Ligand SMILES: Cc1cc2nc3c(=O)[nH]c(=O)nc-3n(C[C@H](O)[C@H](O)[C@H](O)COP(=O)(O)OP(=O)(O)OC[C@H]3O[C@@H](n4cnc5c(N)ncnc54)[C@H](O)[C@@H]3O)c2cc1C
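The form predicted alone is given below as one chain in structure tokens.
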Amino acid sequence: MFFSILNTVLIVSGISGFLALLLVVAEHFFANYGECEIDINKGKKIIKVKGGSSLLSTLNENKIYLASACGGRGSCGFCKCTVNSGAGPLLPTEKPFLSNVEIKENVRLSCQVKIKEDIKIEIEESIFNIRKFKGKVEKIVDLTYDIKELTIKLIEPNDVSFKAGQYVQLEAPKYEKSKQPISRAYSISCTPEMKGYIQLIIRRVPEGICTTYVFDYLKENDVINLTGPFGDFLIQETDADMIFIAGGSGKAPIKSMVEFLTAKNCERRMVYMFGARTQKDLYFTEMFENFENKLANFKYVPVLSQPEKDSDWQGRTGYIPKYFDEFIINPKNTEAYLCGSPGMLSAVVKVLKQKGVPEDKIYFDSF
């Protein structure tokens, strides 16, 4: 009896799998959606395209670049836009990234929307200013054992206008570990005042397609493609106190912000708490100590969570939140700028709110 049921299950599963495969093959070889029209922002821009590809890739081909940290795989949730018609039903792959409000407002993940008919979408006006750049890698510096800094001279176009805290997408070309070009998002680490250049701080991700390319294949004088700028992780124009919190390569947007504020001779009260495990994970320490000399109200506070027992470390240890009482003087008049992993952000935001920092004054960039 058991084997009879098992055989039935296996047969049904096999038939279902075969039918699913047939549908995929049929769509691939026989589906012809012809020419479709993308109406952007109620007729502001209309483009004629060949149907069959994702909305994200089709827009990219027409030099309209939506953010996509995962390269269109549906795992980052960045490539959102409003689709008023022509998108088909909401897919299960989209739901985890959309709030109930967004779903009601027809927000979709453009990488998951396939163009099969005329489609009407809405995007932010600023997206029309996002461009694709070519740049030459002038310098690669090892900041730690697993973090590199790239200095890229822009070639075409030869300059970019961005705000401190924004990011670009770096394209890793097809190479032996990747069958196709793939893009990943990296925060710009230099100040906007550095004209004609982009600097990036990149941490190695084990088995990461893009970081493997950067660490093991990319060389000085290589030409690479960048797209941007993206992002709304920006300095608020207020007089509130500022607390920056980041670790690892999360220092990139904070460095850009602090350099920008230094150039403007900002007088706001600021503290930057940088989390690392050991001393070998620290970098740019002297740079940020120099910022203390240039900015009267700036303090740099590195915190080691696992200092080595035989080290000569005399600084703070443990986890950053335990020092909030020391540096957050007026919680209600404090803005927090965070950059790190989702787990780190969740833990830090929880404590900041407990300390009285308003939730609407907590800004973050997750990676």
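Numbering starts at 1 and runs along the sequence shown. Please read these numbers as outputs of a predicted model, since none were measured by experiment.
Beyond the structure shown, there is the form predicted in complex with the ligand, which is absent from this document and is the topic of what follows.
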>> To verify the annotation, which of these, Val258, Ile201, Ala246, Ile152, has a non-hydrogen atom within 4.5 Å of the ligand in the predicted bound form?
In response: Ile201
> Tell me, which of Leu338, Ala69, Ile64, Val301 has a heavy atom within 4.5 angstroms of the ligand in the predicted bound form?
Replying inline: Ala69
> Does Glu207 reach the ligand in the predicted bound form if we count a contact as any heavy atom within 4.5 Å?
Replying inline: yes
> Counting only non-hydrogen atoms and a 4.5 angstroms cut-off, does Lys174 reach the ligand in the predicted bound form?
Replying inline: no
>> At 4.5 Å between heavy atoms, is Thr211 in contact with the ligand in the predicted bound form?
In response: yes
> With a 4.5 Å heavy atom cut-off, would you call Ala185 a contact of the ligand in the predicted bound form?
Replying inline: yes
> Can you pick the stretch from 155-163, 266-274, 71-79, 285-293 whose heavy atoms fall within 4.5 Å of the ligand in the predicted bound form?
Replying inline: 71-79
